[in-house]
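Quick setup: one chain, the form predicted alone, written in structure tokens, and binding and motion questions come after.
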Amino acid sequence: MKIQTKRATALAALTLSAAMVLTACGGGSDSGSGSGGEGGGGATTVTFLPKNLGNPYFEASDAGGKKAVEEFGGTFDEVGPQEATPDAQVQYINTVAQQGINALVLSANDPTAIGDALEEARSAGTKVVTFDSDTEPQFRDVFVNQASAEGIAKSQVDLIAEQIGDEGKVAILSAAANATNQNTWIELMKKDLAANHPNIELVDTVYGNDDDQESFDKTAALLQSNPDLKGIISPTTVGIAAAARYLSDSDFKGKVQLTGLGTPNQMREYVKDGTVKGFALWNPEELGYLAAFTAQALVDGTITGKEGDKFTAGDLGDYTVEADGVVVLGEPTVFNADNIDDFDF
């Protein structure tokens, strides 16, 4: 991945280890309710709550989190709903609070709808770390951002502009309509297109709700209603894989360009068969790994979430908390036919 040079060796080790535990992420390992971290004297208990289970992206990020928790001697658990909705996450947040878990690490399905539940969990002593998709800042202690929102948005626009010759109609296939990260990126993409790509027209934004079949169907509908579409941006790993599957077996293959955010293992066959020229992502295993170490630093009192706090995240090295309680992993990497076989996640 495109991170600091001193982290390159750590990446290879992390990827290999995460691959070995990836299949175990569908159900949690031992969970605990004992005291840990600051003043507790026991193992730190950490629960990961992704947007939904069965999502390869979160299987990878939670594998990285599990590795980190094992490294610092904590106890890891993964829980979550089958559907990516805020209401479905609330019951798991409530359970974490009732069990006295030291830290909850979650990707939010809504910036505000789960706020009350998170406040109750924090009042009960649980540290809250958001990653991938944030809540409003008052509902969590730290947000671990995969990359700057501006960098993610720009990478998407630059890729589609290059692939379609910087002109023509494009559309966006997003996840849920209320997903914090998706909406932030989309707004920034719109601004970038308007300011720097006057010959590209954004004709539609549709939502596949991070569901494979729904995203597949939305892709088909987009192309039926816009037969002259030149490109699709899908800033969600479920969406881009579903769209690629549709394009690969259609008359639009090679005519409609597709980019977005995906994992190399999901997208490898579509890059190699010419359906997709290039896409981007950070390393989700590293994102989960960093989020877990951030949680541990909060629990043991190394950081409080204020700007300027510093901590060490295992093999990834040193990090500093930025404004609004944000920790940034790094910039996204572009994957294409030249480098995709160098990555395994």
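Residue numbers run from 1 along the displayed sequence. Everything quoted here is computed from the prediction, not taken from an experiment.
As for the form predicted in complex with a small molecule, it is not shown, yet the points below apply to it.
A.B. asks: Although the small molecule is absent from this view, report whether Phe76 comes within 4.5 Å of it in the model of the complex, heavy atoms only.
C.D. replies: Phe76 lies outside the contact set for the small molecule.
A.B. asks: If you check in the model of the complex, is Phe143 within 4.5 Å of the small molecule, heavy atoms only?
C.D. replies: No.
A.B. asks: Give a yes/no on whether Asp211 approaches the small molecule to within 4.5 Å in the model of the complex, heavy atoms considered.
C.D. replies: Contact with the small molecule, no.
A.B. asks: Does the 4.5 Å heavy atom contact test between Lys66 and the small molecule in the model of the complex come out positive?
C.D. replies: Output for Lys66 is no: heavy atoms all beyond 4.5 Å of the small molecule.
A.B. asks: Would you point out which of 180-188, 221-229, 87-95, 110-118 contains residues with a non-hydrogen atom within 4.5 Å of the small molecule in the model of the complex?
C.D. replies: Every other range fails; the passing one is 180-188.
A.B. asks: State the residue from Ala242, Ala103, Ile160, Leu261 whose non-hydrogen atoms include one within 4.5 Å of the small molecule in the model of the complex.
C.D. replies: None of the others qualify; the residue that does is Leu261.
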